[in-house]
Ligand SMILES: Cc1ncc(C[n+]2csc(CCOP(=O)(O)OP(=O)(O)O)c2C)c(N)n1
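Consider the single chain below, provided in structure tokens and representing the form predicted alone.
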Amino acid sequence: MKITDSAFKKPKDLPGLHILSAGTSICAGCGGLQAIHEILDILGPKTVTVNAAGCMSLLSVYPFTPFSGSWLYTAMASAPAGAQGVRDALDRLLATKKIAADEDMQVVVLSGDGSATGIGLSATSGAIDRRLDFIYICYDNEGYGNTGQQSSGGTPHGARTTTSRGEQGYCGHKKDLFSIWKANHPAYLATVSGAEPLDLARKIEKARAIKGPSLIIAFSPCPTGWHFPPQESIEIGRLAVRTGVWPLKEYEDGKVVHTKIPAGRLPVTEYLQKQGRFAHLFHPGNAYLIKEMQADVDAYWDCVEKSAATGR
């Protein structure tokens, strides 16, 4: 599906109403919730959401749930396995004609980066190997947000978390989950941001139409863990794209395509200075960390430009 074939060509084409009910206990300004709102609006109410333990578990407080479709809670590591059971059950009901084709539902996994990059990674790999027909959504808030923003496999280098309080912040490096998942050859793979709703809508529209495993990584600014005012969540999402920190791209048929290349990229400081988790980088003696981050971003986009020029 090309963008020209998409039903979402301009902002007014986006759904006007959310199908995920309001009034949940999620933190104000949650970028993950914003992305999930937009994703579920495109998928519609005929969904079964298999929710791995994490921030979004707080959406449903027994016996209430804001989901218009069905919702299933699992342990952090087992959501893809749970999705397999749900998909198998639906397929059996279809095969025995106990439900009609128009009663079928889209199976969706919802997990944070802690599960996606570590605890649940093997289950996800197995689901891709089995060619499970599902959509996996990772809301990436770059830490274990539900338990206090401890470092995860998604935490960027230099960020301060509750388990990396040193003057240099987190000493590790953010796992390239896109490349890890790409190595498993899913049917479709994409990065999205709630601050870029048209790009997000087109990708979810495509994932919904594709048979097999589709995986979505959603940029999810976290006011509580990243230390910024809730009202700035969308601005931080936009800055992540404009500085090149969060590339918007997709993988399909063995090819990676960048769906939005930032023209006149802003320096990473525009993004970093908005967040308290990076405040220490602006202290004397830490300028080298910002230079390293800028160099990493520049190297990434230099590689993208060279690949575009050579066609590789």
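None of these values were measured; they are calculated from a predicted model. A residue's number is simply how far along the shown sequence it sits, counting from 1.
FYI, the form predicted together with the named molecule isn't displayed, but the following is about it.
Contact here is defined as any heavy atom lying within 4.5 Å of the named molecule in the model of the complex, and by that definition each of Gly54, Ser115 and Gly145 is a contact residue.
Using a 4.5 angstroms threshold between heavy atoms, Asn141 counts as touching the named molecule in the model of the complex. Using a 4.5 angstroms threshold between heavy atoms, Ile119 counts as touching the named molecule in the model of the complex.
Proximity of Leu198 to the named molecule in the model of the complex: non-hydrogen atoms within 4.5 Å are absent; the residue sits far from the partner. Among heavy atoms of Leu90, none comes within 4.5 Å of the named molecule in the model of the complex. Proximity to the named molecule in the model of the complex, defined as a heavy atom within 4.5 Å, holds among Met76, Leu72, Met105, Ile234 only for Met76. Exactly one of the stretches 186-194, 209-217, 106-114, 125-133 approaches the named molecule in the model of the complex with heavy atoms within 4.5 Å, and it is 106-114.
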